[in-house]
Structures are given as C-alpha cells and as structure tokens.
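Take a look at this single chain, the form predicted alone, given in structure tokens.
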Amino acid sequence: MEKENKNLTNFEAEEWRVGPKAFVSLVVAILFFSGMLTGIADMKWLSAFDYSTLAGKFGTMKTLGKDTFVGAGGIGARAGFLFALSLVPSVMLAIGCLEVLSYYGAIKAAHKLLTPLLRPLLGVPGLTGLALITDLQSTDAGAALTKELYDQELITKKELTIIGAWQYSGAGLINNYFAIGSALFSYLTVPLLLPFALMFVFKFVGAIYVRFILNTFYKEDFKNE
C-alpha cells in the first residue's frame, strides 16, 4: 500500500511538471478529433488538418465489370489503404520468388558478379544487385528485398541509405516509363530510349552523390559501423 501511494505521489509530482508543449499538444488533439476545423467559414483549408477529412472515404463501384475493389472516387487514408492493399499480391509474389531464387544461390551469385562493379561505384556489396534490379520493375518488391537484407545484417545502415537513394530516383523505372510515361511518347522529339537511359544513369548519379554526402558531412554518423 505504501508502495502504491509512493507511486501515486511520484505521478502527481510528474503531472505538475507538465510544460507548455504538453498543453499545446492537448489543444491540437482536441481540434484534430473534434471536427471544429471543418466548420470555420472562409477558412476551408483548415479542414485538411481534421481527422475525418484525413480519414477520407472509400471509393464506390460506379461501373460494374470495370472498377476494381478499390472503387472510384475514394479519398484520404481509406482510399490509400485500399490502394496499398492492392499492392500486396504483387509484393508477396516477388518476395516468394526471391526466397526460392535465394535458396538456390541467386544472391550469392549476384554478390560475386556485381561486387566488382557496385563496390567501387556505389560502395555497396554485390548482393544488393538483386534488389536494385528488382526495383526497376517494382518499387515495393525492391524495397522489401532491401529491408530483408538490412534485417539480416547483410548490409549496413550507410549502404541501406545509398541503396534507398538509388531506388528512390526513377523508382519502378521500367513499369512507370513504359506504362505511365507512354502518354507522352507522341510528344518526344528524341529517340524513345534516350530519356529512359538518362533516368537510369541519373539513378547512379543520385546514389553516388548521396554516398559522397555520407562520406563527408555525415561521416561521423557511421564511424562505428
């Protein structure tokens, strides 16, 4: 009993030490969840900071036989969740295939073949080559494989950052260029593959730049690796 009272006393003592940031946080929480920000006239932009607005709504099945389960007209977090859910099968398929290929030594082969290229160029081991190649087709599968390499401690945090920079620039390059970018092909005044080649080259340029930054300005952050 004395121990409980002592804990209660300590709690009350800590409670009175609450600073101004805590009260500001409380006010923000009340405004965020109360819906008050959606009813202010001439300031509709404030609704962007309201919980119900950010939660959004699901899409609707407007055209049967054409719309997917994601629907049409969805907005906010709910629409984003359904879109993210639609990516799960492709990511699971990619990871499953990569697990089988890795079992038969694909990562080991990539490490042996690509280390002489990737180590001097990007400062990463050759086993990351499979993740880089996968990223050209699927950003999600490439990111998942990279995370797996990091979780297994096969790459360091510094190498993870460099790989992330390579993947972020022109992510899903092949799919996005020939699928989404095809809408602009008729306006190109240069050979079709030239912009593609430039984007591929600049993936390396961006990663090399990030490597330079990490080796100079942020060198101390990775000295224990």
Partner chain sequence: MSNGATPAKMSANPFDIFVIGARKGFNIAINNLVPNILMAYAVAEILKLLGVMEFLGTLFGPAMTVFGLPGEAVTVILTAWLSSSASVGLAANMAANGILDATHITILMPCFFLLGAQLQYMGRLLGVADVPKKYWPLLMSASLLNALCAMLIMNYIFV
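Note that the structure is a prediction, hence the values are computed from the model and not measured. Numbering follows the first chain given and starts at 1. If you superpose the two forms and keep the largest set of C-alpha atoms that fall within 1.5 Å, you have the rigid core.
What comes next is about the form predicted together with the partner chain, which is not displayed.
Using a 4.5 Å cutoff between non-hydrogen atoms, residue 154 does not count as a contact of the partner chain in the predicted complex.
Interface membership of residue 61, defined by any non-hydrogen atom within 4.5 Å of the partner chain in the predicted complex, is ruled out. Heavy atoms of residue 96 reach within 4.5 Å of the partner chain in the predicted complex, making it an interface residue.
Though the partner is left out of this view, residue 84 does reach within 4.5 Å of the partner chain in the predicted complex, counting heavy atoms only.
The single contact residue among 79, 136, 114, 130, judged by any heavy atom lying within 4.5 Å of the partner chain in the predicted complex, is 79. Taking the partner from elsewhere, no residue among 106, 119 and 123 has a non-hydrogen atom within 4.5 angstroms of the partner chain in the predicted complex. Contacts of stretch 143-181 with the partner chain in the predicted complex, defined by any heavy atom lying within 4.5 Å, are made by 143, 144, 146, 147, 157, 160, 161, 164, 165, 167, 168, 169, 170, 171, 173, 176, 177, 179, 180, 181, listed in sequence order. With the core held fixed, residue 40 shows a CA shift of 2 Å or greater between this form and the one not shown. In the core-superposed comparison between this form and the one not shown, the C-alpha atom of residue 86 has shifted by at least 2 angstroms. Shown here is a form in which the CA atoms of residue 93 and residue 132 lie at least 3 Å closer together than they do in the predicted complex. Relative to what is shown, residue 177 and residue 99 are closer in the predicted complex; their C-alpha atoms differ in spacing by at least 3 Å.
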